[in-house]
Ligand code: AMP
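For reference, the chain that follows is the form predicted alone, supplied as C-alpha cells.
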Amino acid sequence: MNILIFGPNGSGKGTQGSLVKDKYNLAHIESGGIFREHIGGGTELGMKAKAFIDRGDLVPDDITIPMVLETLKTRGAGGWLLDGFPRSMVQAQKLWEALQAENVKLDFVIEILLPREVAKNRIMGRRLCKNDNNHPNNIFIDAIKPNGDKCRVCGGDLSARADDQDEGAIGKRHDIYYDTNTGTLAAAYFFKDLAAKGECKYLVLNGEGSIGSIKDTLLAQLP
C-alpha cells in the first residue's frame, strides 16, 4: 500500500502517519527526515537544503525531488507513507509523472484539515522527544501535555525546535501550505482531482479532534 499524507505543520500528521505505518508495516518516508540524513551526513545536497530550511523557505525542487524519488525506490520498495512531500503543485505533478513512469500505484491520499491559527498555536507548544519525534507532547494541549520537561510517552528529554518558536518562520511555512494556487494545498487538490477520476482514494480528516478519534476515523476508512 502506498499513501500520501497532507496536513499543515501542527496538524498531527506525523503522529497519524506513524500509527498508519505501524499498522500496515509501511516505510514512513518523511521529507524532513531525508533532509536531516543528508544534512547530518554533510552531503552537498544536504548543505544546500539546510540553507533554505534555516530561513523557513521551501527547498528547491532540483534538490528535493531526487532525494525523495530515490528513497521511494529503495526504502519504500515494500510500501510507503510519504509525509511532507509534495509541497507544491509542480512537485505534485512531477511526483505523479514519476510514479506513472515507474508503474507505481498510489492507493490513498489523506488530508488533515486544521485552521491556520490553531495550527500556529500547536506548533509553538510542541516539544520533541529525543527518543522518538513522533511521541506527541504539547504544552498547550491538555491531552498530550508532557511531564515537565520529560516525554509523556517514554520519559525521554524534550526540546523545542528553534523555528517552532519563530512566528515569522511559522508564517512562511503556513503561507506555503495554505496556498491553494501553487502551494501545498494546491498539490493536495491535484490528487483530489485524480481521485475523482478513480486514480486513487482521497480521505479527509478533521484535525481538531483528539489523536485517538482521528486515528479511529482514519483506520476505519483504510482496508
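All values derive from a computational prediction rather than experimental measurement. In this text, residue numbers run from 1 along the sequence as written.
The following text describes the form predicted together with this ligand, which does not appear among the structures shown.
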Would Phe52 count as a contact of this ligand in the predicted bound form, using a 4.5 angstroms cut-off between non-hydrogen atoms?
-> yes
Decide whether Asn9 counts as a contact residue for this ligand in the predicted bound form under a heavy atom distance cut-off of 4.5 Å.
-> yes
Using a 4.5 Å heavy atom cut-off, state whether Gly32 contacts this ligand in the predicted bound form.
-> yes
Examine Asn137 and determine whether its closest non-hydrogen atom to this ligand in the predicted bound form is within 4.5 angstroms.
-> no
Among the candidate residues Glu44, Glu37, Asp57, Glu70, which is the single one with a non-hydrogen atom no more than 4.5 Å from this ligand in the predicted bound form?
-> Asp57
Stretch in contact in the predicted bound form with this ligand, which is absent here, among 137 to 145, 82 to 90, 99 to 107, 113 to 121 (heavy atoms within 4.5 Å) | 82 to 90
What residues, if any, in 167 to 203 have a non-hydrogen atom within 4.5 angstroms of this ligand in the predicted bound form?
-> Arg173
